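Included below are structure tokens for two forms of one protein chain, each presented in isolation as structure 1 and structure 2.
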Structure 1
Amino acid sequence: MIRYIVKRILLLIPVILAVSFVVYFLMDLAPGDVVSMLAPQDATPEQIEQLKEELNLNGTLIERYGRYILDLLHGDLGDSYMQKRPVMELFAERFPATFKLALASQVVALLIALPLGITAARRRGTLIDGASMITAMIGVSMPSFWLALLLIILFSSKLGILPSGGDNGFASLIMPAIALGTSQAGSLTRITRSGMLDVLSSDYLRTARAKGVPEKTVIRKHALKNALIPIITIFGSNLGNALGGAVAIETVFSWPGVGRLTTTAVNQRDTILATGCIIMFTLFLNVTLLIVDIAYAFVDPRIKAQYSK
């Protein structure tokens, strides 16, 4: 297990290098630059060159990227051009809000997906099964930002019972979590149904029923446990993506998270801040997926044996 974890961590190095270079390259191709935004309108060429020197933007793209990677190897994500503050400090300020939204959205997704998926599997081929799958398809197909706008119109504009944006307590978390969690619940519902169908007809479940074990216990303790691996996979992927910043949801609800910070950095051509945030997104996504892989071992001991090879 330790060998597997070390191997996965080492694989992060080329991933981070590739991601950082792509972001750097694309930001350089984008029209406009941070110097033109910071320089006065009547700035002379000498002043512009001096500003480039101050921001360490002189040299070719490869030279600038090389300097960035050298700083990154020392654990320094650099300072934001526009905000004049360390990227890690800005990320740390915004990450708790994103983490809170990500966890809340996954709770919503699980509360929707598990009952729907289990019920659909137990009532396979019935009207309930069909209704559950239609609901799941609607969740998969519906853009989260569109649902977010509908929620704002209904609960904020019409009813006035929930705030339309910001992070001001539990009430302001409800609509963003529902909008983000509902879109993720669709795929989780389908995976739950598929996993449950694979195990519901197993011999050991028939044996448990023959011994008089209550059906709820059969479903909860036997069937669901053995169907957890694909469910954990989708859950971990959804959580990692949410931690990576639900940009559309954070923008619609003016949520002070990392996704909104990254969008602002891209719009302002703040290459250092955008690259640093995306590197941290990549890191958190891979760490989340690693935790998911390790969780497999606790669900199925056969997988733990594979990790030791």
Structure 2
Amino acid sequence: MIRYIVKRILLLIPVILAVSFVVYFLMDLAPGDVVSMLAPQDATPEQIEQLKEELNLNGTLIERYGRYILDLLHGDLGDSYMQKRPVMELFAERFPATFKLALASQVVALLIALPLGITAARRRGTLIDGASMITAMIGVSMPSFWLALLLIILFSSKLGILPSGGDNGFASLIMPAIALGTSQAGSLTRITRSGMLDVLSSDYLRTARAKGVPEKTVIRKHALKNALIPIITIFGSNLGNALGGAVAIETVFSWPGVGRLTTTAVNQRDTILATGCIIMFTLFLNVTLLIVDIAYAFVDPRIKAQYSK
């Protein structure tokens, strides 16, 4: 098991290098550059040259990328062009907000998806099944920022019981988590339902019933644990993606997360910041997926056996 984990961590290195390559080159190839965005309107040609020097933008693309990689291997993500501060510092400032929101929204998604999916599977083909799935689909179809605005209008403007934005304690987390979690709940519900359906027709459930196990326990203990594998997969990948920040939600709720940071960096052609953020996102995504894979081992002993080979 340890070897498996170590192997996965080592695999991260080529992944991150590949991601940094793609992002850096794409940013450079995109039309528009950071110098024209950053230089004051009345900048003289000399000022522009000095700016390029300051930003270490001299040399060919390969040379610049080479310098970047060298720094990267020392754990230095460089300094943002626009904000003149180390990328790592900027990311670390904004990441906790994104982490909170990601976790909270996934919990909301779970709280919606699990009961809905299990009910739909158990009452397959009935009205309740249809109603559960329609509810899930409505959640998916609603643009998250639209739902966000509705929530703000209702709870902030009309009722005045929740703050309209910003990251100030638990109360301000509620609406963003609901807005984001609801749109994530759709895929999770469908997976829960199909995972449960698969399991509900298993022979070992029949064995459990024949033993006299109460139906509730059959579902909650015997069935659910087996249905968890696909659920954990989707939960994990949703959580991993949420760690990249949710730009729409962050904008509407003025949530100081990494989503806005990354998007602004790309729009402003701040290559260093954008590449750095995307590298960090890749790292967190893969670590989340690794944790998910390890979680499998605790749910399904057959998988644990595989890892130990």
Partner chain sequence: MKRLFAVLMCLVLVFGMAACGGPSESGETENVVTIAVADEFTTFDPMETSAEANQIVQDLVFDMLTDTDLTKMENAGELLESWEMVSPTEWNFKLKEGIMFSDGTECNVDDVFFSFERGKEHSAASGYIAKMESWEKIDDYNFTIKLVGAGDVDFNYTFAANQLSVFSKEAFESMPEEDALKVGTGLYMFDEFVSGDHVTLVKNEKCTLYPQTNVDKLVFKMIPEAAARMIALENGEVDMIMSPDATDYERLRTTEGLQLLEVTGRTQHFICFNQKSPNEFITNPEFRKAVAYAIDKDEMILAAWDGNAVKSTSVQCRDVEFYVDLEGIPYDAAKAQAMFEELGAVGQTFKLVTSDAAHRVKIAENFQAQMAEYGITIECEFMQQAALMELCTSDGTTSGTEIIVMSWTPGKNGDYMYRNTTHSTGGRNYAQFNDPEIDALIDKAAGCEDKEERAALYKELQETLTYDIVGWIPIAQHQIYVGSNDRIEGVLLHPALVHSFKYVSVVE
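Basically, rigid core = biggest C-alpha set you can superpose within 1.5 Å across the two forms. Small disclaimer: the values here were computed from a predicted structure and weren't measured. Quick note, the numbers are simply positions in structure 1, starting from 1.
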Check your understanding: Which of the two shown corresponds to the form predicted in complex with the partner chain?
Key -> 2
Review point. Does the C-alpha of residue 28 move 2 Å or more between structures 1 and 2 once the rigid core is lined up?
Key: yes
Check your understanding: For residue 56, is the C-alpha shift between structures 1 and 2 2 Å or more after core superposition?
Key -> no
**Study point:** Shift of residue 267 between structures 1 and 2 at or above 2 Å (CA, core fit)
**Key:** yes
Review point. For residue 10, what C-alpha shift in Å results between structures 1 and 2 following superposition on the rigid core?
Key: 3.7
